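Only one chain is included here, represented as structure tokens and corresponding to the form predicted alone.
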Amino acid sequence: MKTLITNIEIIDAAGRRPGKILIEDGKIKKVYKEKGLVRVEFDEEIDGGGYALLPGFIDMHCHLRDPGFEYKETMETGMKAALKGGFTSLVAMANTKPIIDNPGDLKKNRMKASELDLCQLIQVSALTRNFGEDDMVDFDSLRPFTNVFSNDGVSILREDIMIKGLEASTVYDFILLTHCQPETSLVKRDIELLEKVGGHLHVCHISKKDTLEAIGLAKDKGLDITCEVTPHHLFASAMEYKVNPPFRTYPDRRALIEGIKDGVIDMFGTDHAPHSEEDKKKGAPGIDNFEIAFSMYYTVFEQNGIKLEKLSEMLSEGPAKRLGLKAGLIKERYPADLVLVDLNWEGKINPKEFISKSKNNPFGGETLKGKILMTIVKGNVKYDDYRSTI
């Protein structure tokens, strides 16, 4: 099957240019950099309507709630929501029921994702068994199936456990994702340990200026550390809506935006955390934002004069590099994971229209820019809000 995408502006971390793309067998076969006629055989043509075509987004941090909490979200509803938001690959946390800390449960989720054939799943394994404080997981048996380990939702408070995790990340060559509460003090401790024993560290959902400064200093020392920021921590400050970490001050939010400009923040993670209405009323922290994450990021970028190429880098190339994936760019022989976007669209958020099973989002009525029109995974259209209207 050969698909030719025409009449597009190609945008990725490498730049923006007009062109056409030929897709074959799930990969980008050829990138044509000119607007002229293309003499090539193809089975299907997608007229991009002059819209922007970006690499598919990779979410470094999300919660699919499956297995065990399907009343909040299922893998299917979560992935369909993610596709609507332009996400083609998802790094899903292990805080399910049961906690994913063994090869059997991890492989079950991978198989479920394969059968659904929606997004590509990178299933995280817990670092310790049942998120406990004593036993590390069996890295030998788990490492063939994932290169991401995290007790997300549970901070690693014991220093000896953190040391073991960092050391294992070197021995088994994986990324250790940390959820740090209290944020700055625990991040500083982890940086000290990283400098002492080495390892591959990724700090989830940073939200404070002091945390950003500590990570910047660690990078100056050449330590292997990356970090992410959520759409809601960039978009708003000082809100009472319960998320973890909480909404911070306006100076903190401004510092995060500057952290994007100067390159200290490497990538984005939605921290999509769906809850039932009842659980949210009981105080469960979390926000449902797969479907509007791009628009929130893009709106902030537009307001602050940050180029779209940088946005693509943080949504696609950055996480791909950290995860060791050959993805995240519109380049020949790369996966045909692509997103067609209307950059001129403006509209208001309406959580009632979410595909996600949950609707827990406090930004209803806010105006955003940018809309996902089509999401393509391995050359196949998985979400289409575009061709049905032309």
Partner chain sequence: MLKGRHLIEPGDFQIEEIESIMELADNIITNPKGYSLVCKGKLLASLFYEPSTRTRFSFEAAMLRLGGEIIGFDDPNNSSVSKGESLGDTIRTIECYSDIAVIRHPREGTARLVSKFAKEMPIINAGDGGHEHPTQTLTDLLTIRKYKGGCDNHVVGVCGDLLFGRTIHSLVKTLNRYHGITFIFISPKELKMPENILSQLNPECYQETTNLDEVIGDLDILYMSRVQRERFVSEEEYLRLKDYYILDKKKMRKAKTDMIVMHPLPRVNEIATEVDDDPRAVYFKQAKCGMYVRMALIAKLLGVEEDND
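Residue numbers count along the first chain shown, from 1. None of these values were measured; they are calculated from a predicted model.
One more form of this protein should be noted, the form predicted together with its partner chain, which is absent from this view; the next part is about it.
Novice: Could you work out which of D220, D262, D140, E240 is the residue within 4.5 angstroms of its partner chain in the predicted complex, going by heavy atoms?
Specialist: Partner contact (heavy atom, 4.5 Å) among the options: E240.
Novice: I need to confirm a contact call. Of H275, R253, H202, H232, which residue comes within 4.5 Å of its partner chain in the predicted complex, counting heavy atoms only?
Specialist: Comparing distances to its partner chain in the predicted complex, the residue within 4.5 Å is H275.
Novice: Closest heavy atom of K281 to its partner chain in the predicted complex, within 4.5 Å or not?
Specialist: Output for K281 is yes: heavy atoms within 4.5 Å of its partner chain.
Novice: Does its partner chain get within 4.5 angstroms of any non-hydrogen atom of K80 in the predicted complex?
Specialist: Output for K80 is no: heavy atoms all beyond 4.5 Å of its partner chain.
Novice: Consider V154 of the chain shown here, and say whether it contacts its partner chain in the predicted complex, taking contact as heavy atoms within 4.5 Å.
Specialist: Yes.
Novice: Answer with yes or no whether R158 is in contact with its partner chain in the predicted complex, where contact means some heavy atom within 4.5 Å.
Specialist: Yes - in the predicted complex, heavy atoms of R158 and its partner chain come within 4.5 Å of each other.
Novice: So which of 82 to 90, 224 to 232, 175 to 183, 315 to 323 is the stretch with heavy atoms within 4.5 Å of its partner chain in the predicted complex?
Specialist: So the stretch in question is 175 to 183.
Novice: Since the partner is left out here, which residues of 117 to 148 would have a heavy atom within 4.5 Å of its partner chain in the predicted complex?
Specialist: Stretch hits, in order: F131, G132, E133.
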